[in-house]
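A single chain, nothing else alongside it, follows as structure tokens in the form predicted on its own.
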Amino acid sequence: MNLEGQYDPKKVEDKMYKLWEDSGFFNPDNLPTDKRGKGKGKSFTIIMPPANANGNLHAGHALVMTIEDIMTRYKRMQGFRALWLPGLDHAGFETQVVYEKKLEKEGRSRFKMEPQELYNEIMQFTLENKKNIEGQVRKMGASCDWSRQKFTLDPDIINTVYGTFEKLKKDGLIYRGKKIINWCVKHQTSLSDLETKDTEKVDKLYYLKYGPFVIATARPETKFGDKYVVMHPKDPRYAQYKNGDKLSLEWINGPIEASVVKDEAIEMEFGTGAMTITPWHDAVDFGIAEKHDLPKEQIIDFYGKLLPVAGEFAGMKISEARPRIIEKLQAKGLVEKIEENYKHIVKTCYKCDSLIEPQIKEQWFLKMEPLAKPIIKAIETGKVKFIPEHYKKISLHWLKNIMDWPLSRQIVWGIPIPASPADKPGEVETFDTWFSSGQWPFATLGFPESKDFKTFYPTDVMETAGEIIFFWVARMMMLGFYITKKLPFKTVYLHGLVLDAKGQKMSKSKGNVINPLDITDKYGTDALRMGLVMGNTPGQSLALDENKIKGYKNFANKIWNASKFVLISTQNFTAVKKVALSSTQKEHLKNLKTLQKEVTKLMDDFKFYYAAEKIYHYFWHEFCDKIIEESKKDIASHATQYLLLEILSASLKMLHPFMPFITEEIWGQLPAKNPSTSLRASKNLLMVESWNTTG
């Protein structure tokens, strides 16, 4: 017996992971083929959300690894050919942002580098991180099939992405158009609506005299090209004005002629109900200009500076120009009043918090409505299950109000858009990273002809963070169904954020980031995994408290010590065909069977948090506090020894998906309880033992 002293994860975890990996059982092709258990050799597939290959695993990744490994180990023990396919994402814009910060620290800029030079540097950076992350995934005990690992820049993945792009073009769903887009001045790229944040800002609201009208604006710097004053057709205040009426008036840089436009897009309640429009720099204004076939003029360049149309203010940054513009308007008597504390929502870049500057730019766009329609129907008819269920309603709302997707990004790092004409010399266009990762389930499985695609697609569960349901999950459903005619997964399991012990979002600036590897080094991986799953209901944020994890380290010691007691007490145990049990012992086994059924039902219902809680309380309070204590009175009895081994082995099986390292280590020490079997150590690993069976 090797269970000496207290449980030391450092002596077990690396050794055990190597044993698992060497066994080949992470690969479903190598699993026992005895058609055992509920699975009967059928496939079960999870595609791992590809971690961004630009840093270390964080607490959110640790949660992903834990939940998905619990699912995979459980299904494997049930007799399914369980495939958990790992992968990493080049993460386009996000990785380039990370690398740009590295360049800034070195006193370099990507804008002074040749595109290929920058690409090569980021590739080297990514590949180094890729190796690092793979090691960290192993540390979490992830029983994924490394032989099938994929990277979003693998040649076969890129070919699949290009094939999808060409099919979409052929079907008339891809177009190149000059439309208004979200432009990040700092990073010099367009962003989709999902890559912007709505941020509350306090500005001044300026009421400006525009001929006989008063208009309200927070952005006077955009007004140089405003030659249209728009009002609602039903606004009684402006009934005397007709659509197309011409007005001569004094404006920022002198007299102009303005035209009246009547449009229902105007909010009568905002300001004075009259507004001028800047179609190049505002999405609502752009829509009005398109509807009325009005010309559009660029006022601010792509670097956030005013163009020559601004006259004396040309070349100025907005922050510098705005007060000077107001001074000039005041001198002309064109400022009626200024509201000092105007709260409004503005769009900012989700990575750098810079204000988004809407711009008109030619881009590749994907028509989303035709892709969304079949997914809406599939969700409404229950063809895909959401856990928790309220995400069904959230998904449907987004899909029913979906907008065309701008696919182009003006960055080097990513998959180049084939034959993509750029707006200016030297500009590179790559696909939005979510376009490639949106094809992840069928691309990783070798669509269309591979054996893996035919065996493991559609996948069973997509487990990921609720916050990327639109970024990724909905897009996988749309692109997956479009290409394969099948939904890519049957169940969507969405977890919440991992917060710090005080319930605050982790951030480097707050200094509250929890590194999962620091925790595993201190308390062991099994303790962290239990800390991540216990009390963690789907979709809800989890406050990760180190004291809680310390408590599960104590639980691991409890398992170790209880197992040590059982093994010492059963050293002379000999398996026989029939065991005479007392009524109390029979009752204990009956309760064990009831627990096994309850836990199995909870696991099937994806209630892992509740299953873990039941096993935890049973092992500590029923088995250790009650049954083991009772057994000490009659420990030499064959029936007592049989009972202890029976309950211990069943408990280890139920605990294994949650705490794989310690349970596998102890399992190897158990003697056989059936006369036809040899020692456990020479039998199968616990990871491929049958779930909820004895003997």
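Counting begins at 1, following the sequence as shown. Since the model is a prediction, treat every value here as computed from it, not as a measurement.
Not pictured, yet referred to below: the form predicted together with the RNA.
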Of 437 to 445, 357 to 365, 540 to 548, 170 to 178, which is the one stretch near the RNA in the predicted complex, taking non-hydrogen atoms within 4.5 angstroms as near? 540 to 548
Distance check, G535 to the RNA in the predicted complex, heavy atom within 4.5 Å: yes
Heavy atom to heavy atom, is I628 within 4.5 Å of the RNA in the predicted complex? yes
Contact test in the predicted complex: Y342 vs the RNA, heavy atoms, 4.5 Å: yes
In the predicted complex, is there a heavy atom of the RNA that lies within 4.5 Å of any heavy atom of E290, even though the partner is absent here? no
If the cut-off is 4.5 angstroms on heavy atoms, which of these, K351, K262, K296, K553, is the one near the RNA in the predicted complex? K553
Interface check vs the RNA in the predicted complex: of A562, V97, L517, L399, the one with a heavy atom inside 4.5 Å is A562
Looking at the RNA in the predicted complex, which residues in 227 to 255 have at least one heavy atom within 4.5 Å of it? none
